[in-house]
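In the block that follows, a single chain appears as structure tokens, in the form predicted alone.
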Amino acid sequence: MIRVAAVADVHMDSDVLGRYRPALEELPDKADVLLLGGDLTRHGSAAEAECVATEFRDLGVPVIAVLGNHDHHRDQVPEVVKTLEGGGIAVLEGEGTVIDTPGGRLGVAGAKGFGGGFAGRCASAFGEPEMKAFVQTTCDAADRLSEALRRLECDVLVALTHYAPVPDTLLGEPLEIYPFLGSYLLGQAIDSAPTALAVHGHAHMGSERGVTPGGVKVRNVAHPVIKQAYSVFHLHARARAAA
């Protein structure tokens, strides 16, 4: 059994420092890895990223992250990534990594993802160049995620995104903003590999549980949804299920 802890949308700044740390100190007894599903900062500044690094460093388990839309806001992504990596946090974007755990080899593929909507109610690459560019951004992100998932050689495979891959975990959000919260293309990417679990954030008013068309269980781990420092999922080798 591999134990995966995950949380997203912690929106760190100096006034939040210490909020998660008491629970994080217990991580080695509860999980083999911690996944951070984006929106780690409030406005995407390097100073806020330093708060993230301080809060999530030296936890006794590997910490793997993707960025979210908030982490891009100040256009300081290279500085944010450098700061996070300086704190021991691995940042993925269309990449994957494999971790040896007592329960087996865990593969994590990560990408921020993007919007676009879901089957029957989605944007298409038609018309103005701005719309084509919007949809192409999602296509590129989904392609990178799919490639990263399919390249990993491991016992258990997990997909980590910020944007939602299914509409199920958006229930509670206004329907009008679904196209800005995720895309069905991410779900297709997750289904292109033997993924055991997909975790994401972004949808603060959404729901916790969903499933891709291919049967992969999806969990929205945005902090406002799970209302705890992290959720823990128990995964078994060659299984496509999460506890």
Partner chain sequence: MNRRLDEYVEADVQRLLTEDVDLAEQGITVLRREQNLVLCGEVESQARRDEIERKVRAAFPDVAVLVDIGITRTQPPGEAEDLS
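Positions refer to the first chain, counted from 1. Worth saying up front: this structure is predicted, and the values here are computed from it rather than measured.
Separately, the form predicted together with its partner chain exists; it is not shown, and the next lines address it.
Residue-level contacts in the predicted complex: of Met205, Val61, Val211, Ala46, one residue has a heavy atom within 4.5 Å of its partner chain, and it is Met205. Residues within 4.5 angstroms of its partner chain in the predicted complex, judged by any non-hydrogen atom, belong to 70 to 78 and to none of the other stretches in 70 to 78, 132 to 140, 111 to 119, 97 to 105.
Of the heavy atoms in Asp29, none are within 4.5 Å of its partner chain in the predicted complex.
Leu197 belongs to the set of residues with a heavy atom inside 4.5 Å of its partner chain in the predicted complex. Interface membership of Arg57, defined by any non-hydrogen atom within 4.5 Å of its partner chain in the predicted complex, is ruled out. The partner is not shown here, but in the predicted complex the stretch 7 to 28 reaches within 4.5 angstroms of its partner chain through a heavy atom at Asp9, Val10, His11, Met12, Asp13, Asp15, Val16, Arg19, Tyr20, Ala23, Glu26.
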